[in-house]
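The chain that follows stands alone, in the form predicted on its own, written as structure tokens.
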């Protein structure tokens, strides 16, 4: 007889395959194709591994990796919201919480609780791990937009002040990465791919 917990886990694994079909607004590096959430999550995990030495504080790298892999699963239900959207909050939406409860709730109870804790910790953004994970989440699209001559900034008419304010979260996890990001933002203005 197959254990019920295993069946629940397999159902969850099948369900999260849908993340591959969630299209983000940001495009791949130097490309016209939009990135999907699975690609984004994988890239953030790799960035966390490669850039972890630049964290301002000691972090549990495995926990950061879990955060960046889990945090966008809720978009299976809630969809991707553009960071710069004027008509909808990008942070802590009711739709995302409802999606987290449904999707993580497919898992065995203890595992579901752990996933929910990790997701909530990322969303709250107070722990060292969450601060660094959010740095990765904000840095990756910045790198993409600078590689795509302004990408979504141009497409949606996003101005310097908005980009600067949204990207400043990077500083909470890494001063060094923020200094780099700030240079990229300023250079984007000089190059004419970000309007001041």
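Positions refer to the first chain, counted from 1. A quick note: this is a predicted structure, and the numbers were derived from the prediction, not measured.
What comes next is about the form predicted together with another copy of the chain, which does not appear here.
ask   = Does the trio 78, 152 and 189 actually contact another copy of the chain in the predicted complex, every residue with a heavy atom within 4.5 Å?
value = Not a single residue of the candidate spot has a heavy atom within 4.5 Å of another copy of the chain in the predicted complex.
ask   = Hey, in the predicted complex, does residue 39 get a heavy atom within 4.5 angstroms of another copy of the chain?
value = Close contact exists here: in the predicted complex, residue 39 approaches another copy of the chain to within 4.5 Å, heavy atoms only.
query = residue 161 near another copy of the chain in the predicted complex, any heavy atom under 4.5 Å?
reply = Looking in the predicted complex, residue contacts with another copy of the chain do not include residue 161, since no heavy atom lies within 4.5 Å.
query = Would residue 73 show up as a contact with another copy of the chain in the predicted complex if we use heavy atoms at 4.5 Å?
reply = Output for residue 73 is yes: heavy atoms within 4.5 Å of another copy of the chain.
query = Any of the heavy atoms of residue 16 lying within 4.5 Å of another copy of the chain in the predicted complex?
reply = The answer is yes: residue 16 has a heavy atom within 4.5 Å of another copy of the chain.
message = Suppose contact means any heavy atom within 4.5 Å; which members of 103-122 contact another copy of the chain in the predicted complex?
response = Contacts from 103-122: 107, 111, 115.
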